[in-house]
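In the block that follows, a single chain appears as structure tokens, in the form predicted alone.
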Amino acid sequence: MKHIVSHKNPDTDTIVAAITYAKLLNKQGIEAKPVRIGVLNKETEFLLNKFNVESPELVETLPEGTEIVLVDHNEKSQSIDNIDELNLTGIIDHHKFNIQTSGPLNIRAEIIGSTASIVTKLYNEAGIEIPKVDAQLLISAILSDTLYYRSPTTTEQDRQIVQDLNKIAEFEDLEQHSLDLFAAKSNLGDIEVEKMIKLDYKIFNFGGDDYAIGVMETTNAQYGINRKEEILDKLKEIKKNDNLKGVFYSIVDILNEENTTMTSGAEELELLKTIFGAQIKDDMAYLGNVLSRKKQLVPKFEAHFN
């Protein structure tokens, strides 16, 4: 049995990729099941409920020797806790690679906007028909990960894949569907602040030190800005408790395509000013049209520290 493993703090792309890739393997006669290692965000929860799709099983670890395939990630810090005890045989991803393995494995990696786009291509290459509900899920993941084509990670392949998938999915209004997804993602209510910060949160090593970058992609940026004081206090607490050099929390206004970032200290604010030319006001950094952690935030940090 292959277990298709999504990443920590799972987003819609990693969950959909795990579900649909496991289905593809099953159709090819290979026993597989998707698993998740974190709580679903509001957008993914909304999507699965809308199409009556069961969420992958939540696990913290898997039995030693279990065969796994990673989707939408490849860094151990973002994966299942006991990954070194498992039999990693494959990775499907669209991020940069930073993993060392004890043996050879199958890797499918592309410069593309969504892991769901890669899974769609795998279906097509296998000559296997995509069911309507899976086409709906795959489109949703692509629209989510590319912010309805606003993200600089978007490629023409993503656009064409969505167009082709929609012949099966039959969405009447893709833009409205994307707005429904973003509205669900933005509906955080009175969520506890640390949970909010860590809904989409990853740790990176820059210049030998660990930094964390959390992202809130939202159609209601003011919600996060209104909680500035408690966010700032929690970022400082996370920095200390998790032994990090710094913590950044970017509020990405999807519709206005703007980034407002809060940090765990004055040194980190100065770092944003140096790296991005950010305007600093009221303990927040305004980064302008910086929407993608993968393509815009992380590469600039890496270039600075290298």
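In case it trips you up, residue 1 is the first one in the sequence shown, and so on. Note that the structure is predicted; figures quoted are calculated from it, not measured.
There is another form of the same protein, the form predicted together with another copy of the chain; it is not shown, and what comes next is about it.
In the model of the complex, no residue of the candidate spot (Val39, His177 and Ala183) has a heavy atom lying within 4.5 Å of another copy of the chain. Not displayed here, another copy of the chain is approached by His94 to within 4.5 Å at the level of heavy atoms in the model of the complex. In the model of the complex, Ile99 approaches another copy of the chain with a heavy atom inside 4.5 Å. Among residues of the shown chain, Gly103 is one whose heavy atoms approach another copy of the chain to within 4.5 Å in the model of the complex. Under a 4.5 angstroms non-hydrogen atom cutoff, another copy of the chain in the model of the complex has Thr89 among its neighbouring residues. Among Glu229, Glu85, Glu110, Glu192, the residue placing a heavy atom within 4.5 Å of another copy of the chain in the model of the complex is Glu110. Contact annotation: another copy of the chain lies within 4.5 Å of heavy atoms from the stretch 294-302 in the model of the complex, the single such stretch among 294-302, 279-287, 6-14, 20-28. Residue Glu125 is the sole member of 123-156 found to place a heavy atom within 4.5 Å of another copy of the chain in the model of the complex.
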